[in-house]
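Form predicted alone, single chain, as structure tokens, below.
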């Protein structure tokens, strides 16, 4: 590495374990995890009841929590005493444990001047409109996003604010609104309203992308209208050209059942690898839906060293043109 990690010598107080609500706790913990990746000494005190993530799914073979292992990697157990350069938590945790830290990152639902009501990641996705575009067409119920995209994204925003405050020096409280971050994740809705005057929804006539069963799993269809001739050539069924219900993109989305009747058997008869190779040969963007265990052998993930041999994900943390790992950030 060209030089010391950017937060080397800094002490960060992670109050995620004391946050009253789960989205806040996840966001604060992710922010602190990133700080550890940048070389900070991150201290994580826990309440008398113990680490809140210790029994959270997914569980590893030894019964411990993969979530706990990931979010708390590179952190040290300790107390909220002594000098800290920054502290991360919600209003209650910061007020009780971090009065002396010059930089504070405060996680809330709506912002500093609003109440902080009970909230889940599902509720945030609903308020921001994400649930209106995720899942099968109505009247099917919406689907929650897998993982913790909402809270983790808030953690990235919190880390950005923390880094900027440390760079500026002095005392500062940076407020991160979980709802604002979730709305930013859903920026295409705002863009859609500006361009078309209407927000995207899960309405059947507007659903263009979906997954299809393959011989050994599922494929995600994410191609554009310009790819249709090549897509049609790969499938090789004359009905894709002769059926008037499939003549245009709007017609195909409105008549998805008719489209699936034609292409469904072809997908079901081929493996994901066969489908991917055939479509890539024609430059049609489709993607296989992979199982988590398959990611360990994924060529792109391996090339980027995204997953360790034990399955621990790496974070996209870099400095001076080099990628930082926890080991490299804390070396020396």
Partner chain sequence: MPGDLPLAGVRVVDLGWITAGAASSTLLLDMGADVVKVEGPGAPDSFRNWDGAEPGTDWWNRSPFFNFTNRGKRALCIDLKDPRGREAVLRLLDGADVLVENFRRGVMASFGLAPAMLRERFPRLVIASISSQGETGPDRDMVSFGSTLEATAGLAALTGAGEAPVITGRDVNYPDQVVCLFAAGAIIAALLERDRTGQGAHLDLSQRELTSFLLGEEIIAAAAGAPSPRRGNRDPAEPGERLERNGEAWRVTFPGGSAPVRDGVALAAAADFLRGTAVLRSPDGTPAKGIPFRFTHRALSVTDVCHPLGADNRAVMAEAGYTEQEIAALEAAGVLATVPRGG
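Since the model is a prediction, treat every value here as computed from it, not as a measurement. C-alpha atoms forming the largest set that superposes within 1.5 Å between two forms make up the rigid core. Residue numbers count along the first chain shown, from 1.
One more form of this protein should be noted, the form predicted together with the partner chain, which is absent from this view; the next part is about it.
Participant: Can you check whether residue 78 is within 4.5 Å of the partner chain in the predicted bound form, heavy atom basis?
Facilitator: So residue 78 does not count as contacting the partner chain.
Participant: When the contact criterion is heavy atoms within 4.5 Å, does residue 30 count as touching the partner chain in the predicted bound form?
Facilitator: Yes.
Participant: Check residue 244 for me: does it contact the partner chain in the predicted bound form (non-hydrogen atoms, 4.5 angstroms)?
Facilitator: So residue 244 does not count as contacting the partner chain.
Participant: Taking the partner chain as it sits in the predicted bound form, is residue 116 near enough to touch it, meaning that at least one heavy atom pair lies within 4.5 angstroms?
Facilitator: No, residue 116 is distant from the partner.
Participant: Considering the partner chain in the predicted bound form, find the one stretch among 230-238, 131-139, 93-101, 258-266 with heavy atoms no farther than 4.5 Å from it.
Facilitator: Flagged stretch: 131-139.
Participant: Under the 4.5 Å heavy atom criterion, name the residues of 297-317 that approach the partner chain in the predicted bound form, in sequence order.
Facilitator: Read in sequence order, the residues that approach the partner chain (within 4.5 Å, in the predicted bound form) are 298, 299, 300, 301, 303, 304, 306, 307, 309, 310, 311, 312, 313, 314, 315, 316, 317.
Participant: Inspect the rigid-core superposition and answer whether the C-alpha of residue 317 shifts by 2 angstroms or more between this form and the one not shown.
Facilitator: Comparing forms between this form and the one not shown, the residue 317 CA shifts at least 2 Å.
Participant: Tell me, please, whether between this form and the one not shown the C-alpha of residue 63 is shifted by 2 Å or more, with the rigid core used for superposition.
Facilitator: After core superposition, the displacement of the residue 63 C-alpha between this form and the one not shown reaches the 2 Å mark, so yes.
Participant: Note whether the distance between the C-alpha atoms of residue 318 and residue 290 decreases (closer) or increases (farther) in the predicted bound form, against the displayed form; the change is 3 Å or more.
Facilitator: Pair moves closer in the predicted bound form.
Participant: Your call: residue 320 and residue 307 CA atoms, closer or farther in the predicted bound form versus the shown structure, by 3 Å or more?
Facilitator: Their C-alpha distance shrinks by at least 3 Å in the predicted bound form.
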